[in-house]
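Take a look at this one chain, the form predicted alone, written out in structure tokens.
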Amino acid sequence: MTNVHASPAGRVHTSRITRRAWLTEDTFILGLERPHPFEFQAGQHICLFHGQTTRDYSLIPGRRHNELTLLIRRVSEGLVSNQLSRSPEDSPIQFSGPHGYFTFRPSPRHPVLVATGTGIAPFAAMCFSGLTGFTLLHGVRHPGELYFRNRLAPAARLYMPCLTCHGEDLPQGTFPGRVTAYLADKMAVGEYDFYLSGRREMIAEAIAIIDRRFPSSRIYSETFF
């Protein structure tokens, strides 16, 4: 059974692992039993507890209403990600949340979503919750890391994979370089709402480009370590 109790840091939920699906050698989807009641806005995250260690993961709607999913990259020295990569189904797990304000804000400006790696998770949540007509730049090394591509591409006005692999033939319709290079050289000048999700270095570089090329735009960001 899933239960919930109050804590000084917020609402803490005890759930269990329902499934694990590997997407690449080091990235997987983790399914969790959805506490009742538990509601969240697309783009919010949970704080997952592992002993005295905590990690934040963006929430993605599951295949069913009673499931939550997380997109997790296993890091070689990562205490939490390694444990989650091998915990058996039905293992108990605790988290607090939902947390955060990285949610979609409708406006007259066209939304441009920019992600690197597993930073795509909040944008997948937005898309699975009904968002359409956006521009999405997803920066990864290899095509196999374009998580949720089959669902994101049909919903987008423009879906642009930005690939940094070298020595490989790139699929048609991809950009050979970083998302920041696409912003600097290929993005049409205009007023946009930019949503940035990924590594701190990418976000800092993207903000500098946006300030220079798109000064009337707005920026919302979420850092993934």
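Bear in mind that the values here come from a model prediction, so they are computed numbers and not experimental data. Residue positions are given as counts along the sequence shown, with the first one as 1.
Missing here is the form predicted together with a small molecule; even so, the following discussion is about that form.
Enquirer: Considering the small molecule in the model of the complex, which of Ala115, Ile72, Val112, Met126 comes within 4.5 Å of it through any heavy atom?
Expert: It is Ile72.
Enquirer: Heavy atoms within 4.5 Å of the small molecule in the model of the complex: does Ala121 have any?
Expert: Result yes; Ala121 sits at the interface with the small molecule in the model of the complex.
Enquirer: Does Asp193 make contact with the small molecule in the model of the complex, using a 4.5 Å heavy atom cut-off?
Expert: Judged by the heavy-atom cut-off of 4.5 Å, Asp193 is well away from the small molecule in the model of the complex.
Enquirer: Considering only heavy atoms, tell me if Thr180 and the small molecule come within 4.5 Å of each other in the model of the complex.
Expert: Thr180: no, not in contact with the small molecule in the model of the complex.
Enquirer: Though only this chain appears here, would Glu77 touch the small molecule in the model of the complex if you measure heavy atom gaps against 4.5 Å?
Expert: Close contact exists here: in the model of the complex, Glu77 approaches the small molecule to within 4.5 Å, heavy atoms only.
Enquirer: Taking the partner as it appears in the model of the complex, which of 34-42, 183-191, 157-165, 48-56 has residues with heavy atoms within 4.5 Å of the small molecule?
Expert: Of the options, only 48-56 has residues within 4.5 Å of the partner.
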